Every structure is written in structure tokens, then in C-alpha cells.
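Here's a solo chain for you in C-alpha cells, the form predicted on its own.
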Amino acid sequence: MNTSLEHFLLPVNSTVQNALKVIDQNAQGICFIVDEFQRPVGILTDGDLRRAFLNGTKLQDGVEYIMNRNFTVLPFDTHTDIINGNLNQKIKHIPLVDQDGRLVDFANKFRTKRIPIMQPQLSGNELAYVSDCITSGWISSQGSYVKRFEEAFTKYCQMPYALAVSNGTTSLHLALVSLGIGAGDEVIIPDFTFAATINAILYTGAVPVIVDVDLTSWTIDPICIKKAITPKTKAIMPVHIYGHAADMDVIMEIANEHQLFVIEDSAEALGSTYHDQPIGSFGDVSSFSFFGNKTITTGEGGMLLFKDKAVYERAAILRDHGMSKNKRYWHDMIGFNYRMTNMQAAVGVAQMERVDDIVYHKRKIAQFYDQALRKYPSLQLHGEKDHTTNSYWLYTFLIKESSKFNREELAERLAKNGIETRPTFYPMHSMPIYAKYGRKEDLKNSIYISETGLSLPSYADITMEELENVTAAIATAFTTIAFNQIEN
């Protein structure tokens, strides 16, 4: 990362073209103009350059004629509180000088604080409920909070039966086993997803059948589902990726026509809806994840929702080692230890008390990003298809092939500004261990989304100032590219 001082310095006798190169190199929209003794004599921002070009400045003109000579400079040993007090929307970088006035460092808000891609919001009753578990001694899988968490989920997602489990991957595995899916059965899944989707199928001995996704929603393409059905097909597992609902009406029609199970992978979509109906309430079974970066979290954890009581009861036995409900330590079937602890559930109960507020703020974050980024034609926003509401687990967009820079270049620029980003998932077929389950030539949309997608900081309590800093850094990237086009 080019955040060291040397990548910001420009001799006073330099040209405007030299300034463009420095600003492009550090990706923070500024350079410090210094004299022969490395004393700061001016600063120059991308905004200064833009205004200079509008006034007729040429690339070979000297920076001394357009640099800003009225700038804030502080001693390098200035207290952090004073430095922060001088930083604002206009003054984003402050040169720091030694006792001889030589530039030795600089300050900005990101040299001490990064904007993470995601972080949990634990500002409610989480601590109080976990403390209750500890003081009462109910810390493992026995205790009232597990049942309370399950009840909160059935109410929120409008499904009759819920089962809390140890994590999202085990919930997918348990869903498949509880439906009787096993060796030789085929389960249709999207290519663009996280590996837990396909791994859970392989745990059962079933065969995943990878198909492509829709280029707008990034969810499984129903047309591809129809083409993939064979006599061995037993289930469809749509993934509501990045919070966007799959086309559940069509998927359920296909499933009903061919008598297939539907297992909703809703790990990233708590709070999303389809035709005003909660995601997770369409399939035979639906699965949720509460990993630390999910919409709500229990640290690790998952939840299963069921329509059929018999399937739910089978899953409950399988979750608890396959142990009989009527005869303790008697095992009716080979089961698993997939239970959630009471302490995890306590956190989940507290999170569910604020789930509407969390989803509301994540949608507001997405609206802010949409408004700021839709002006760039080379970006394709995720958005929402008709009859859906996206809970925006992670705000993610695509960088089109027409763009003058790629995802990695933009991610690097944002990293230099202290902004964490994340690329989209690799398509399943691209990894050798899964390659035999999909045909590359049939998976073009998944490949495109995987190669061009980038996620921005999306945690519910991100501040407006942090959002503005993210979008300002993206704007700087586009501005620098425009300068490069002038230069070339």
C-alpha cells in the first residue's frame, strides 16, 4: 500500500503532469509540494487540478502556479485530539513537520482507523442475556434462550417449526438428511454461492448439479433449473445471494411439477422478502447462518425452518445424536451433535429484538451507496428485482468490462484510504474439487459476477461520515482515471 510519505511528495519545480502521477500513485487525491529542504510550501488536490484544467491549465505548466499555499500544517508531536480536531470535510490531510519545518509525516482519519467490511452490532441486551446464562448455570444446549430464539424466528419468518443449530453449514446438512436426501440423489444449486452450499450436499453422498445464475439478481436461473432436471433429481437449493431473493414463484412451480424438495439457503437474506413474504418461508426447509458477519449474529450458529412437522421432528432427533425423545441414551438413528448453546441463543434473542432496526439501517446504507454510485456508467449495481426487498447483507456491485480499471485496482485504491472491501465468491465450478459438477461453458453469468464484483463496508451502525468517505474515495478513483485519460 502506497501510504508512506514518499508517495505524497512533489518538488515545487514539478509540472502538473508530475502531480497527476503522484496523486494516481497514492490514490488519496492529494500531493504535498515541498522545497529543496523538504519543507512544505503548498498542497495540491485532485479538486484543485480539476478546477485548474477548467481554467485552461496545461499538463506542462508548473504546480507552483496552481498549488494551494494556504493550508494547515502541524508539528509531528501534536496530540491526536488536536489533529483530529483540525481534520474535517475540507481538511482531510495535514502535513506534520519536525522542529526545522521539514515534512516528516502526515495525518488523516484513516491512518488510525479503518472502515471494516462488516462488524457485529451488539448494543442491545446481548451482555445481559449472556450474563443471565452464566449466573443461572445454563450455558450449554439446555436452557430457555434456545427455545426463545426458535420461537422468535418462527414468528419473524412466518414458518411453524424452527430448530437452532451450531452453524449455517450444519443446518444445510441437517436439512438434506432430514428430507431423506442421500447417495445418488441429485440436488440443483447455483454456481455463484459460498462453498457451504455444495459441501452440505457432498456430506450426504448426494450429487450437486451446478447451474448458472440470473445476471440481474445473481440468484439461480429457473431456466437453467429446468434444463438440469433428471430422473435422479431430488431437490433444488436456491441461494438468496447477498440478500437478494431468488425467483421463488417459478422455482416452487418447477418443484411442484417434478415433485422436488426445495431447501432455501437463506444464510445471507434474513429480512429480505419476495412478494411481501419473508425469505425462508417458501421451501420445505430453509437455512440461516449467524456467523459474525451475518445480518444478525450469535458468533457461530444457524437456524432451520420447516413446514412439515414430521420432517422437523426427524431433524430434532438427528440434531441431538439421533437420541430417542422417549428413552434417554437410546439412539434410534445415527445422528449428529449440531446443537446451539444457550449462550449463543441468548445473543440471538437479543439480536432478534432489534432485527427490524438492523435491516432498516442496512437498506438505508444501500440507498446511500446507490445514490452515490449510479452516476458511474461502468458500475452495475445489485439492486432489487420487482416484488423483492433486499436486506443487503453486503452492499455489492459489479465493475463492467467497459471500465477503465478493474476490481483489484479499485480495491487497492480503497485500501490505501483505510477502506476494507471484499471480492465476490469464486464460482463453485472453478475450484478443482467441484469442477466435475458443472460445465464452464454453461456458467458465463456466474463467472462474470465472480470476476467483477466488489463488496463495500455494510455494517448496520456505519456512520454517515464513514459512508461519505467510502464514496469520496471511489469518486477520487474515477477522477484520477479521468486525469490519466487527459495525460494519455
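Residue indices: 1-based, along the sequence shown. Keep in mind that what you see is a predicted model, and the values were worked out from it rather than measured.
Beyond the structure shown, there is the form predicted in complex with a small molecule, which is absent from this document and is the topic of what follows.
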_Within 4.5 angstroms, counting heavy atoms, which one of the listed stretches 196 to 204, 409 to 417, 349 to 357, 119 to 127 is next to the small molecule in the predicted complex?_
196 to 204
*Looking at Gly168, Pro95, Gly280, Gly271, which has any heavy atom no more than 4.5 Å from the small molecule in the predicted complex?*
Gly168
*Quick one: from Ala164, Ala267, Ile220, Ala175, grab the residue that has a heavy atom within 4.5 Å of the small molecule in the predicted complex.*
Ala267
*asked:* Quick check on Ser286: any heavy atom within 4.5 Å of the small molecule in the predicted complex?
replied: no
_Can you work out whether Lys362 and the small molecule are in contact in the predicted complex, taking contact to mean some heavy atom pair no more than 4.5 Å apart?_
no
*Give a yes or no for Phe291: in the predicted complex, does one of its heavy atoms lie within 4.5 Å of a heavy atom belonging to the small molecule?*
yes
*Spell out, yes or no, whether the shortest heavy atom distance between Val239 and the small molecule in the predicted complex is within 4.5 Å.*
yes
